[in-house]
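Shown next as structure tokens: one chain only, the form predicted alone.
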Amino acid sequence: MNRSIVGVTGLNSTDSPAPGISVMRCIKEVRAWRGKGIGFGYDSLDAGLYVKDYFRHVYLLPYPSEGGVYLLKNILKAHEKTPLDIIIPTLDSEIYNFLSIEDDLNKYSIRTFLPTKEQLDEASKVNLNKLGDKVSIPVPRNYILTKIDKLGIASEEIGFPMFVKGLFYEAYKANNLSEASDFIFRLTKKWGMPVILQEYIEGEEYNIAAVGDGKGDYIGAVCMKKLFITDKGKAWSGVTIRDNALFELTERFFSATHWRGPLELELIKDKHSKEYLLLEVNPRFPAWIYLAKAAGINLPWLTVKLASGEKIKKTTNYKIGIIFNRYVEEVILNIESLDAINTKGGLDYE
């Protein structure tokens, strides 16, 4: 395992960065690890493709809309050049595809540690209300919008302000029908229908990053309070905190779902009732996952161990008051590297 070759997806670094670079950073900093990092991107300008400190080989994958068959073909093509031991997908939109090829990957001794399809369906944004009932965590009122002409009915039910959420990514606060309509158009153009309309709850936002063992418990979890939030609802700065209510909530979630693999719970603490409400469940590591490692629990590395078949003891001990504050750094590359990614579909850095 200490010499395992680990692949990570999700290498874009925009104003809503993918988690892949942070996940590999966590693994790379494990002193005992002497393996290699393999990066998988979806666009030739994904910044992580050119981060030589973390990735020894990088490859392009077909967009998730192409399906599992083409995903498998490209992973096995990379596997022929650099045999993979483990791969950690980090994007919501690709998890279903990875589940569809999980058995095929196992035949080539490429391991994953993912939720089941049933768990993924259960945790989707369109099923959040049902999930909240199952895990005994309240959720804001939601309306699953499948047709734009239902917006008027939905707005009467949800009220303004409301959050307009894409099926996979992005959330915008709408204060009236005009804003809601604009956001819906923007999201459906990118992600399609349905769009989720969610009741606005005034309060502070919290996130929990964790890894479930698939047996009704989790092997590690870190709680973070958002300090600064972007216009897309993403945390740009946050601080580790400890709240027994959040850990009790986390216990209920895993006990009820038997979730397997990484996830992020997004919650809000109602300003008036002081109650935590579940906003959404993300079936992968968050982009801020390095904060968990900095606080003392290296969740990506624990996932590598679990995928390798190693037994892990549960840990909840981490430092509180550790802050992350995201910044932007340019990655410099030459035109030959970009050409190689576009024409050959990959790059080698050794």
Partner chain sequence: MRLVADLAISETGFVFDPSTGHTYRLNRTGMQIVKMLQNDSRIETIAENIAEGFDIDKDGAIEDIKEFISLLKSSGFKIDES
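Positions refer to the first chain, counted from 1. Note that this is a predicted model, so its numbers are computed, not measured.
Beyond what is shown, the protein has a form predicted in complex with the partner chain; the following relates to that form.
Participant: Is the gap between residue 144 and the partner chain in the predicted bound form 4.5 Å or less for some heavy atom pair?
Facilitator: Residue 144: no, not in contact with the partner chain in the predicted bound form.
Participant: Can you work out whether residue 309 and the partner chain are in contact in the predicted bound form, taking contact to mean some heavy atom pair no more than 4.5 Å apart?
Facilitator: Answer no; every heavy atom of residue 309 is more than 4.5 Å from the partner chain in the predicted bound form.
Participant: In the predicted bound form, is there a heavy atom of the partner chain that lies within 4.5 Å of any heavy atom of residue 225, even though the partner is absent here?
Facilitator: Judged by the heavy-atom cut-off of 4.5 Å, residue 225 is in contact with the partner chain in the predicted bound form.
Participant: Taking the shortest heavy atom distance, is residue 269 within 4.5 Å of the partner chain in the predicted bound form?
Facilitator: The answer is yes: residue 269 has a heavy atom within 4.5 Å of the partner chain.
Participant: Of these, 120, 256, 241, 76, which has a heavy atom no more than 4.5 Å from the partner chain in the predicted bound form?
Facilitator: Of the listed residues, the single hit is 241.
Participant: From the list 98, 276, 236, 172, which entry has a heavy atom within 4.5 Å of the partner chain in the predicted bound form?
Facilitator: Result of the distance check: 276.
Participant: Please pick out the stretch from 144-152, 198-206, 175-183, 128-136 that is in contact with the partner chain in the predicted bound form, where contact means heavy atoms within 4.5 Å.
Facilitator: It is 198-206 that comes within 4.5 Å of the partner.
Participant: Could you list the residues in 320-337 that come within 4.5 Å of the partner chain in the predicted bound form, counting only heavy atoms and keeping sequence order?
Facilitator: 320, 321 sit within 4.5 Å of the partner.
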